[in-house]
Ligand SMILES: C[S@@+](CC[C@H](N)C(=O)[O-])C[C@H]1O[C@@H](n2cnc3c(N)ncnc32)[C@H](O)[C@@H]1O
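A single chain comes next, written as structure tokens; it is the form predicted on its own.
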Amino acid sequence: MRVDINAVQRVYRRYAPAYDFYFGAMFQPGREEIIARMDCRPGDRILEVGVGTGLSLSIYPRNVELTGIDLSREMLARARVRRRRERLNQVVALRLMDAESMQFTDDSFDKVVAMYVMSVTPHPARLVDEMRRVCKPDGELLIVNHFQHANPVVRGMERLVAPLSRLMGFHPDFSLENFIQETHLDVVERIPVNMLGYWTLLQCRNNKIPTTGISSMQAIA
């Protein structure tokens, strides 16, 4: 079952006030690992998709240019407070935006990262296509997310609660194999992260075809 945008906005409006308490420390090892593996260089332009309340913002090096987007006004408002309070000057913009239809031009970023977003978005393949589009051809895509567990008992429990996906704001029976097949991601490395390795980090090359100066729409035509 797929969640929809309205369901996501409702759920994260409810989550926002207590999100840091419930999901801060639990997910922080994955955030730290993914940023450590980005090998950021001075001046790199980085996009974080689904920045939420900004729990990852302070981990990024101070010499990059970081943009964050999110679909939830309530979560984004907390990220903006965090940026001001912690004086995170590397964060150049925090924008309300649907990640499945980004308002950025092609090849805008050196690296694009999505943390705990893929099982939330209604159309994961569409989101990956947008990440690929706005990232430079020689850039990098990084994803950390929960995927359906290999253990049959745990996988069965995930399937049982899947019908509640619209209430939870994500679908727990999200298949890693199907995701990679549908998105055609060029995965360099898969790394288990967080408690018991229940989440997976995907480090990927941006394997899009360069458009050599023409727009993506022209390239499709």
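A residue's number is simply how far along the shown sequence it sits, counting from 1. Since the model is a prediction, treat every value here as computed from it, not as a measurement.
Beyond what is shown, the protein has a form predicted together with this ligand; the following relates to that form.
- Within 4.5 Å of this ligand in the predicted bound form, a heavy atom is found for none of 186, 201 and 203.
- For residue 40, no non-hydrogen atom is located within 4.5 Å of this ligand in the predicted bound form, even though that partner is not displayed.
- Though the partner is left out of this view, residue 115 does reach within 4.5 Å of this ligand in the predicted bound form, counting heavy atoms only.
- Contact annotation for residue 120: at least one heavy atom lies within 4.5 Å of this ligand in the predicted bound form.
- Not displayed here, this ligand is kept clear of residue 125 by more than 4.5 Å at the level of heavy atoms in the predicted bound form.
- Within 4.5 angstroms of this ligand in the predicted bound form, the stretch 89 to 112 places a non-hydrogen atom from each of 97, 98, 99, 100, taken in sequence order.
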